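Just the one chain here, the form predicted on its own, laid out as structure tokens.
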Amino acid sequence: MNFDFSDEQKMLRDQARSFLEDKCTSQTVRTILEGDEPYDKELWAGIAEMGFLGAAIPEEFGGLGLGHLELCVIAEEVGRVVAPVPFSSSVYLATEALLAAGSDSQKSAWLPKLAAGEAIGTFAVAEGNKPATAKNVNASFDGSSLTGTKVAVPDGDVADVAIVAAKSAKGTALVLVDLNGPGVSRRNLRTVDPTRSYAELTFEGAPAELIGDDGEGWSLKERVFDRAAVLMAFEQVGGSQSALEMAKEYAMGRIAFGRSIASFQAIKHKLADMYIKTELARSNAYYGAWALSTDAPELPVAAAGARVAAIEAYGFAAQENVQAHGGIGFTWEADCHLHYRRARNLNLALGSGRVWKDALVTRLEQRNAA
């Protein structure tokens, strides 16, 4: 079994890295962080023009029709540069939900727009301070309209379409809502990472249509989140690798007591631990990519493993990057906090590490029992 990417996929990765490093510098990220714009619209248009948004979307729906392995390598490069664009919510969640359960008419209506960057998608699950579970879904769907409130919706302030979990006559359903239509209001939320915005969405009889089978909404949500977990793991691995390289570069160039601090044992240990966690996360992400691309039965376990490892790797690398920089690492002028913010954001984006650890244990027990 070959868990490496093909030469063509590596060429795509190099192309994505070259483009993103050129178009998305730390100053690009800082402009969004310190300004009023929720994301970099010029960068978003460029990513769409490169075809990255539609990598896994079939050609008949306006995408490149490449596949999920190609999307994985792109996601890693997006993570490396801490791109201030709504990539994960639109590509990993909304697009994946439509690909998994959308009708032909829904796919025809939205996938070409999502692939071209003309529309931004998101996924709304959580309500209030309660855990995001099927029992805690109170938003209601009556067959044609949606009423309720969703909190902490990623990129909800800029999204054009949302996949929303709601109660229905048969249990839990996922519904598609045009966020630019009637009955929808938004309220921006402040987070630790303003380069990836969040919003509270309120629906008051907003027109909505069922996606997938009624009553099967929560199981469909789990399938979508498993797929998103693998893709986001690659983004986190990219961020972790970038934080490691940033720490190494600084340590090699910082001179103290007549020599590079990279020669000090304490710094060596930090860098080594960052490397180990990053490579462990990469291994789990590769396993997840194989399961995702082949739609293997192992996907639920692989996705949970990839998610847990990526959360731990990026969180640790971002924190240790600050420490490796010493006093300057805590300042606004240093770029360390860009990765720290993004790590904190992504570590909670699909549910916390504890949620995914519980899922991993449960799924392993179920697999062993079977």
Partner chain sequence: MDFNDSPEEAAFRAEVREWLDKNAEKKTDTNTNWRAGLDDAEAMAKAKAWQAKRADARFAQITWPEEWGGRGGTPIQTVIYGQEESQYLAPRGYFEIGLGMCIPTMMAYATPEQNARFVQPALRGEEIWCQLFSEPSAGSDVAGLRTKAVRDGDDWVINGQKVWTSGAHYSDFGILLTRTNPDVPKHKGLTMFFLDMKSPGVECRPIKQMSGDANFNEVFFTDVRIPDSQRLSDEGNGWKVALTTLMNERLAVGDASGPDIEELMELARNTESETGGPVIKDMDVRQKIADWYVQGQGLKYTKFRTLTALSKGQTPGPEASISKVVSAPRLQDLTSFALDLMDQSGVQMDRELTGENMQFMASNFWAPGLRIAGGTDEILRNIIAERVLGLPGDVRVDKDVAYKDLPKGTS
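Note that the structure is a prediction, hence the values are computed from the model and not measured. Numbering follows the first chain given and starts at 1.
Unshown form predicted in complex with its partner chain; subsequent notes refer to it.
Residue contact check for residue 269: one or more of its heavy atoms lie within 4.5 Å of its partner chain in the predicted complex. In the predicted complex, none of the heavy atoms of residue 87 sits within 4.5 Å of a heavy atom of its partner chain.
In the predicted complex, its partner chain sits within 4.5 Å of a heavy atom of residue 273. For the chain shown alone, residue 218 is not a contact residue for its partner chain in the predicted complex, no non-hydrogen atom being within 4.5 angstroms. Screening 225 to 233, 243 to 251, 187 to 195, 94 to 102 for residues having heavy atoms within 4.5 Å of its partner chain in the predicted complex returns a single hit, 243 to 251.
Only one of the listed residues (279, 157, 214, 209) places a non-hydrogen atom within 4.5 angstroms of its partner chain in the predicted complex, and that residue is 279. For the residues 263, 140, 108, 144, the 4.5 Å heavy atom test against its partner chain in the predicted complex is passed only by 263. In the predicted complex, its partner chain lies beyond 4.5 angstroms of every heavy atom of every residue of 128 to 156.
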